[in-house]
Structures are given as structure tokens and as C-alpha cells.
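Listed next as C-alpha cells is one chain, alone, in the form predicted on its own.
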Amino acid sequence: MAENASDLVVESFKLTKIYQNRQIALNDVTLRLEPGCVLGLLGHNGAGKTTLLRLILGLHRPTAGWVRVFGGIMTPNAAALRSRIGFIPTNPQFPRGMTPITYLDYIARLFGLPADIRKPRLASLIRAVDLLNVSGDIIDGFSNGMTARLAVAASLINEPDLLIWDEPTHGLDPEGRRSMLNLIKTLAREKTLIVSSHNLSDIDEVCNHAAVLSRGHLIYFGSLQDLKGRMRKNMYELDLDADQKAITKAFNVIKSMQEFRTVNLRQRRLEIRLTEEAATAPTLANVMMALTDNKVNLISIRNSGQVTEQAFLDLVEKEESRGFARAYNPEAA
């Protein structure tokens, strides 16, 4: 745990961004990122993810509040702070006519690296991202996977302490995605990362913390395990044994019960999700009775928990259903 603010990699306080007095892109976001954290930034399109990343990078000025990086206030003029960050935007673009060697040399020179440091570093990065055989080719004709790997190399050229990657697996084929996720896992051993992604299974695999944005509000910030465990007690999987006709009859009886939010049948596996008001023991007893009445044997029952995707959707749904209640009961938020 970070003992004081100077130990934090990123800290924001009531961070707010309003564009042209019309669009509230981010509202009152407060978070604290400790060294070694791998933060998954989640939210639907327009939730404020990219705005938050740009404020952390100092590419925009906040309308209100502030953000500190490595203990210093981040502004568009804070070049020294930015020099310790590696950034990959969504769909990275590269200057026309450059090769991986000339581009990485150009980026390294922008960081002020002398030739005796930048030349061996860019050579080792080109090798590390598997672009050695095209290191002298023009970037313009590169595939999505090749440009993604070049963007990774560029984000590491300054040996940053913090990596901010916006949708790093976007547009990649399964092999490229797997390669990117493995790289994130390797980097996570020694760096702090913020990874924004629409692919929640990616976040599930590589991150240990999550921040969930909904319409500019930070509605969850904490460990990924806590996020997935929020509704764990309400989710159960039952493995059944009987002919499909008997299982279907029992399924229809269970589905008609008021205590369930969802009831799904996948061949011989029954997936049930209780409403928050339902009492677990009597509800499960009713399920057992319905199975017995229809001569269906119960092989096993387990508390299934939730994947990140379901926990995220539940959280956003609950936040949006509260609506105006937030304004009158901020503690509930």
C-alpha cells in the first residue's frame, strides 16, 4: 500500500472535463493508483474513458479538479512527467514514408535520448516486438498486428514507469491479441499499467484492478476480484441428470418462479440468478422440489460467481436505474 500521496503513480481529485460548455465528458472522478497496479478501464462508448486518459497524460486541461502523476500536478506543460509515461492511442497512426527504425529513432530523439542510448534500445525493441525482418520496410503497408507491435515498441522507447494503453487489442486477430495479452502480463511484473478495453475478457485476464465509468461518472474503483464478487451469492449453476424432456419440464416450472432474475438452460446445466430480495435457502429448496417432482437428479450445485462482463453490466444497469437518486443521496453512490 502507498503510504502517502508521493508514493502514488496516479491520483485524481474531483476531476471534471466539460467540452465547449456543452458536453460533460467526465464528472467528479477521484481515484488513486499505486505502483504495480494493472488497472482495467471499463465503460461503454462515450463513458469518458479516453477523456480520463488524456487528462492523466496532460493532453487536456481539466475544467475542475486535478490529476497528479508521480506526485506532480499534470498539465499540458509537464513534459518531465510525461517523459515517464508510455502511451498507445486507439488505432495508432504513423507518419508516411518512415520505417520502424527511422520512426523509433525519431521518437527517441524527441525524448532527448543520445545516439549511444537510443540506437541499441530501438534495435532491442524491434527484436522484442518481432519486427526485425521488416525493420527497414516502409510502415505504410503494415498490417494491424504489425502497427500494433510498432506502437508497443514506441511506447517503451523511453523506458517508462507508467504505461497507458487505449484499446491495445483493437483490430487484432486472435494470434495478435494473444501476443499482446502475454506482453501485458510480462510488463505488469515491473510496471504500472492502465489498459482501456471494450473486450472484457482481456481485462479479466491481465488486470488486477478495475475502474468503471458510466456517462462520465466513476461508478466503481477497486480490485477486479471485488467487482466480480459483488453479486456472487446470487449466481448458481446446477448440473442435472435426466432425459431432456424431464429437464425441460422442470426448467419451465423454475422459470415461472418470481425469485429469479434469470433462468437459463444449456443442455443439462441450469444457470439461475436470484433477485436481490430473494432468500437463498428457501428459493433453492423450491428449485430442488421442482427437480424432484419431475424426476430430475441433481449431480452438483455450485456458486458460479460472475465473469467481469456480467459484473460490469450489472453495475452500469444499477447505476443508470438510480437516475436522480444520486443527486439527493450522494452517499448511496
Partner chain sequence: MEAAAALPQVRINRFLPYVAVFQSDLKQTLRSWIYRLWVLLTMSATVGYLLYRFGAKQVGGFVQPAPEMVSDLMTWVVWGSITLIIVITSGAICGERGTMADSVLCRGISRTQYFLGKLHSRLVIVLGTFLLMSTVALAGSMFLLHSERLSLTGSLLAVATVAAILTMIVSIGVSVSAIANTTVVSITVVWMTLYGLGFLMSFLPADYPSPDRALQNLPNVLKGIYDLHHLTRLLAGTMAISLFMSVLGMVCFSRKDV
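This is a predicted model, so every value here is computed, not measured. Positions refer to the first chain, counted from 1.
Beyond what is shown, the protein has a form predicted in complex with its partner chain; the following relates to that form.
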### The unique member of 243, 116, 175, 190 whose heavy atoms fall within 4.5 Å of its partner chain in the model of the complex
116
## Note on the structure
From 128, 73, 79, 257: within 4.5 Å of its partner chain in the model of the complex by heavy atoms is 79
#### Entry: Residues 93, 103 and 155 all lining its partner chain in the model of the complex, heavy atom within 4.5 Å
yes
### Task
Counting only non-hydrogen atoms, choose the one of 30-38, 267-275, 57-65, 289-297 that falls within 4.5 Å of its partner chain in the model of the complex.
57-65
#### Entry: residue 13 within 4.5 Å of its partner chain in the model of the complex, heavy atoms
no
### Query
With the cut-off set at 4.5 Å between non-hydrogen atoms, does residue 222 touch its partner chain in the model of the complex?
no
### Message
Quick check on residue 208: any heavy atom within 4.5 Å of its partner chain in the model of the complex?
### Response
no
### Partner proximity in the model of the complex: residue 198 to its partner chain, non-hydrogen atom cutoff 4.5 Å
no
